[in-house]
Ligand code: BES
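As structure tokens, one chain now follows by itself in the form predicted alone.
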């Protein structure tokens, strides 16, 4: 299969299109006309050719206007291309990516992004299917570009990075897609141990007795209504060649299933609650990508894993629990449980003396209401960490939007009987959740809270994103760890 990316403001659709169209006696132009193809972003036309032709199909993809062309558009091109190629049983792809005069000739970012889209778009989750369907057929990918001056060393370094990221993304997708009867906290811990074994990472698993010794009673409280005991997972990556003094702690919410506890969710809201460990999946996926790409800084991956169920031992609205940080919490809604697990995990993370802490969680429906399902909320207290994260998510192409930590809403968390309560008013729910977490991170520690509730799961496939678990945030976290590789 040949894939051709074309700009909407190139009336001739570029020299590659023109040359191939001439060889095919105008077949490409005719199909584009019949399909009303204008080259707008994501628009697609598939042209089938006679069986005697060396090329069986041509995939024409709209890139939009050249001035609006980004690496993310190239990434989507790659994702859509590999899906169509596999669906049509192509054995090889030749992808033509046009020259982009808006960037320096030596830039390889769009080319690398297209390859990344292919890696990510080739994912399928078939573990529980008796008929696994057609396996991916594409064995070879060839990139053809009119862009000159490509630095081969930079290109190969970029390919290695995105391949490592894709490996981590696909692990995160597998974990989110796994059914909750199998992915209980102990299974999540086993998956982390296997990851550590693959890559020689340090791994510590805290069981219920260990959590009690650590006085992590908030974490224990959330898990006490389940027959599956909670776990805390701690992976540590230490570089062979340390080039940075940064010590990064990624902390993930790992609710392997969230029924809401005694504050029971409605049935419809419960059907996708296996995804409530999406933050944990991102952390473990990032640790996979980090172990392969090997940044020059120390990275801790910490996951609070539990199952929130409603039995006779479950925590009740009105309970007061004091966790590892010594802050007492009045529980008014047992369905606001992720922040309780994270509170203890954040306290544990600070024991590792990090230079910065980033937590990830499918924390609030309010964030989805505010930003939709494709964008995560970034609640960031420290400007330096914001600058770094913004740089990382711009490289990855993942969508984040900075949200306020409005201190005037802090009074909504005031309790008459404890230091803080676990919910505020209905309005500003994503903000008050972030403010709650901020209470458990020392002011001297640079910290960010990423609410990824919307983007960790997709209702339908698009570009390089499959239906189901998306692996969102893995690529941003991996890029974040590489920002200072050049500094000692």
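Every value quoted in this text rests on a predicted model; they were computed, and no experiment measured them. Residue numbers count along the first chain shown, from 1.
The same protein also exists as the form predicted in complex with this ligand; that form is not shown, yet it is the one meant from here on.
Distance check, residue 118 to this ligand in the predicted complex, heavy atom within 4.5 Å: So residue 118 does not count as contacting this ligand.
4.5 angstroms heavy atom contact with this ligand in the predicted complex for residue 274: The answer is no: residue 274 has no heavy atom within 4.5 Å of this ligand.
Contact test in the predicted complex: residue 231 vs this ligand, heavy atoms, 4.5 Å: Residue 231 lies outside the contact set for this ligand.
Exercise: residue 258 in contact with this ligand in the predicted complex, heavy atom 4.5 Å: Because a heavy atom of residue 258 falls inside 4.5 Å of this ligand in the predicted complex, the answer is yes.
Candidate stretches 120-128, 193-201, 357-365, 343-351, one within 4.5 Å of this ligand in the predicted complex by heavy atom: It is the stretch 357-365.
Position in contact with this ligand when the complex is considered in the predicted complex, options 333, 415, 243, 322, heavy atoms within 4.5 Å: It is 333.
Among the candidates 453, 448, 47, 441, the residue which, in the predicted complex, approaches this ligand to within 4.5 Å (heavy atoms): Flagged contact: 453.
In the predicted complex, residues of 228-267 near this ligand [heavy atom within 4.5 Å]: 253, 258, 265 sit within 4.5 Å of the partner.
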